[in-house]
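Below, in structure tokens: the form predicted on its own, a single chain.
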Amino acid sequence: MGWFFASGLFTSPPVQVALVIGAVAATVSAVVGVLAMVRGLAFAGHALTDVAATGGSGAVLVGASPLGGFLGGALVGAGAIALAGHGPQQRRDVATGIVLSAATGLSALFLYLDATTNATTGVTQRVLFGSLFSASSSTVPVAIELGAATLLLTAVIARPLVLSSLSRELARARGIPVGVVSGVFLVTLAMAVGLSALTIGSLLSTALLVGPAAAAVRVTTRMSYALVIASGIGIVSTWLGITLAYDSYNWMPHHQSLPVSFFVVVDVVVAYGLCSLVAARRARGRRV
């Protein structure tokens, strides 16, 4: 396998950190992403990635942790969407669009200030497109704890969340606090966005949040299968992206690695295409 895995891949500390954080982020994003699709919150997830960019760029500006900034920005955005979008789907979409616009403007301001006042190079690259190989080893336990908390919180609300997604009236009749469940899920969505933004950047984190989930629901209608398939696609795409990014150092004439985020997104798109082909083939088989 030496032809595929470049020398020193598995012994490199930055790669080891990237593999762990990437696996955690991919798993959490896949699980939350499947539920977000059931809830029809793909647009809200996309909006929160832009709000995470605001938090990440603001954190860099004041010298704080990018992960804390991504997470804090996404949580603030989730709260704003929940407060402004309480009610029908149309009102929620309008609120999401307003939050998205405000966050985009603020992130543009913070990134400008980062570029003009911060001596650290590549700030915009790290915030928007990620820099997983530069993640500190001290981030690993934080990412694992955050991921475990997100999965636990998601497991607690999963059943009432799915029921309220299918029928809000039936959920209310069974005594489920629909508003509370929706608000808690927005919190888990924000936490997943924070982790995915750390992995492939805030601008591209939608791919890790929505892509594996969308691919999974193309090939199965069972929730449990979709969660497993989406998690598998997310982890494989992320680990393959890390491997290819590490290998790409030897591809370029000036020995400069290509971004991890580029390869992860390509892997996710390819996986979605393959799942779509499988779904189309099954559909043709049923018609015959």
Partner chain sequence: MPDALSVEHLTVTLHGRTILDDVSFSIQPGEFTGLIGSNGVGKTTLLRAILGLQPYETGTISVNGEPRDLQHAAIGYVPQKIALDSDVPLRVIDFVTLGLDAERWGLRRRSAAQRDRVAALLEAVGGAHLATKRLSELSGGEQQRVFIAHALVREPSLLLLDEPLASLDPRNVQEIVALLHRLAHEHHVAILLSAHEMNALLPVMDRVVYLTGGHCASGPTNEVVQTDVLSALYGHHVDVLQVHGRVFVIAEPNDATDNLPEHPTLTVH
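Numbering follows the first chain given and starts at 1. Remember, it's a predicted structure, so these values are computed and weren't measured experimentally.
The discussion below concerns the form predicted in complex with the partner chain, not included here.
Interface residue remark: Gly72 is not counted as part of the site for the partner chain in the predicted complex, having no heavy atom within 4.5 Å.
Contact annotation: Pro160 falls within 4.5 Å of the partner chain in the predicted complex, judged by heavy atom distances. Residue contact check for Thr243: none of its heavy atoms lie within 4.5 Å of the partner chain in the predicted complex. Under a 4.5 angstroms non-hydrogen atom cutoff, the partner chain in the predicted complex has Val38 among its neighbouring residues. Exactly one of the stretches 23 to 31, 63 to 71, 222 to 230, 235 to 243 approaches the partner chain in the predicted complex with heavy atoms within 4.5 Å, and it is 222 to 230. Only one of the listed residues (Val217, Val140, Val187, Val76) places a non-hydrogen atom within 4.5 angstroms of the partner chain in the predicted complex, and that residue is Val217.
Along 162 to 195, a non-hydrogen atom within 4.5 Å of the partner chain in the predicted complex is carried by Val162, Leu163, Leu166, Ser167, Glu169, Leu170, Arg172, Ala173, Arg174, Gly175, Ile176, Pro177, Val181, in order along the sequence.
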